[in-house]
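Given next, in structure tokens, is a single chain: the form predicted alone.
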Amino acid sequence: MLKISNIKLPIGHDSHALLHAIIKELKVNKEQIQQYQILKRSLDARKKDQLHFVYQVVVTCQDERKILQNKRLKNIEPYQETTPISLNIGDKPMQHRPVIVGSGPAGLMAGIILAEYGYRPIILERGKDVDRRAKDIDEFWQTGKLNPESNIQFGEGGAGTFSDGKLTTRIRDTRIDHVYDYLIKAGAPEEISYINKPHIGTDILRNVVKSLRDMVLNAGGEIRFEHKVVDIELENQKVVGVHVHASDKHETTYIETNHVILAIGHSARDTFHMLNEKNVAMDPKSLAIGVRIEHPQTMVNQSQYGEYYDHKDLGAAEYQLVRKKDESLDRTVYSFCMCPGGIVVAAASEDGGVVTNGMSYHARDLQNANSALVVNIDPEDYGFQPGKSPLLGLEYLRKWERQAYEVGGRNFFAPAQLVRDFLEGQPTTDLSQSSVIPSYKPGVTPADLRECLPEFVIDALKQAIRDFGKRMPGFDFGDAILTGIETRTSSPLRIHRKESGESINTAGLYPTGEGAGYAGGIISAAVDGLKIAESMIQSYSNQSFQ
């Protein structure tokens, strides 16, 4: 098989154009092509009047060796297929079934692999299954009644289930292809394996999550919803079991285990407190705090696509902006989790705090585009010094979430401000005349964001918005809406682990995924879950469970 890179085709090309381009690149006849498959497709929008797609394909054809020997042919090389996961099972005894805490991407992927290899894992999820979880979330958005155990942060699938379902990642790991394979088998669109910035959308992702659950169950694993791990039993700093509160039965039970994959999300603050009390080694890390900014999606399309802004072959446009710190700006500001054609959602997991996030459906066809716009926060900014609590960052974020709750009206309404007023340093008193309609539910309160964000964050956001407006026309649009506050971009700490994935000071504990500080998004969390499960399989025998 051959891999061909950098095939350029115009926007709106017909279904035969790619085959003709392959024939031209290889300088062969059509009859010599046996089959081809798209590996990658990206949009080159650097020149707005010359938008085009760039393809990378794998081709099976006659005379491949002869083609590779032709030095005049460019962008062609042998293709190496991704090899299936094949692990050698370890020989160290594992007396009790492994426990996985959390059913987000890391927990589900770890559960699937362990189940497939015969370890019969038990996944404990504090929240509800995705269907009942969706009902609780909808009730929160409609009425402001929050279920602290079933919300955007907690429940089957993790926080990413109610997002854009974005699958972009900066990591490089062969396991990414395996994650895509599992997602596609579970019902995700096949295009996620080749488009440059893949996403699933919350509507499809909810069904994908249920299919991943079935994979765990069908392979011999177990998932218990509304089962919250409230304590980890240690003997000589070794895991011997977990205490679990089953909220559906109103009882606490004990499960013996010597292996716990801790796949909690970044919002499991009560679990972080419990781990800190157990002296599990962890440190705070850099955070980010800011707002959600909403623009008309058509404006973003025009800015990114130029005259092609409404072309049928182009989906809703995205952007990714970074203003790095320099002499005039003492910290980095960046867009995060941009949701084209989406909505801003209430993402609180604690009473008395306002948290925002973004969400899109697969079609990305709603009126507004939104993105987090956040400012980097270092541990020194919230007073951390060696010897102080690693939970200081967590408390810092909680402080501002509670302040936003007060400013919003103590009813989970979010404080919102027009970009025009924000830049001029004056409060917004009326949003009804804005051409951009805020999408956040339960609702927004016109406000002054200076009342619920640190002064240095306000100053940095102002400078960045003006700068981004020069780089992306319309970004500083006066009617754009800023909704506060965004605080859950990543985990507030990192739980230290060895190369094997095991905690550096707590034997049998395997910190995994985003909550542990080793991932940032669906794909990297899923890959980390696979990595930790593979390490466990290669070390321990499954004979006790056969």
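Residue positions are given as counts along the sequence shown, with the first one as 1. For clarity, every value in this text was computed on a predicted model and none was experimentally measured.
A second form of this protein, the form predicted together with a small molecule, is not displayed here; the remarks below concern that form.
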*Looking at the small molecule in the predicted complex, is some heavy atom of each of Gly111, Leu114 and Leu530 within 4.5 Å of it?*
no
*asked:* Quick check on this chain: which one of Ala447, Val209, Val101, Leu453 has a heavy atom within 4.5 Å of the small molecule in the predicted complex?
replied: Val101
*Which of Ala159, Ala464, Leu397, Val216 has a heavy atom within 4.5 Å of the small molecule in the predicted complex?*
Ala159
*Want to guess which of 415 to 423, 161 to 169, 397 to 405, 233 to 241 is within 4.5 Å of the small molecule in the predicted complex, heavy atoms only?*
161 to 169
*Does at least one non-hydrogen atom of Tyr440 fall within 4.5 angstroms of the small molecule in the predicted complex?*
no
*Does Gly521 reach the small molecule in the predicted complex, with heavy atoms at most 4.5 Å apart?*
yes
*Taking heavy atoms and a 4.5 Å cut-off, does His227 contact the small molecule in the predicted complex?*
yes
*Going by a heavy atom distance of 4.5 Å, is Arg126 a contact of the small molecule in the predicted complex?*
yes
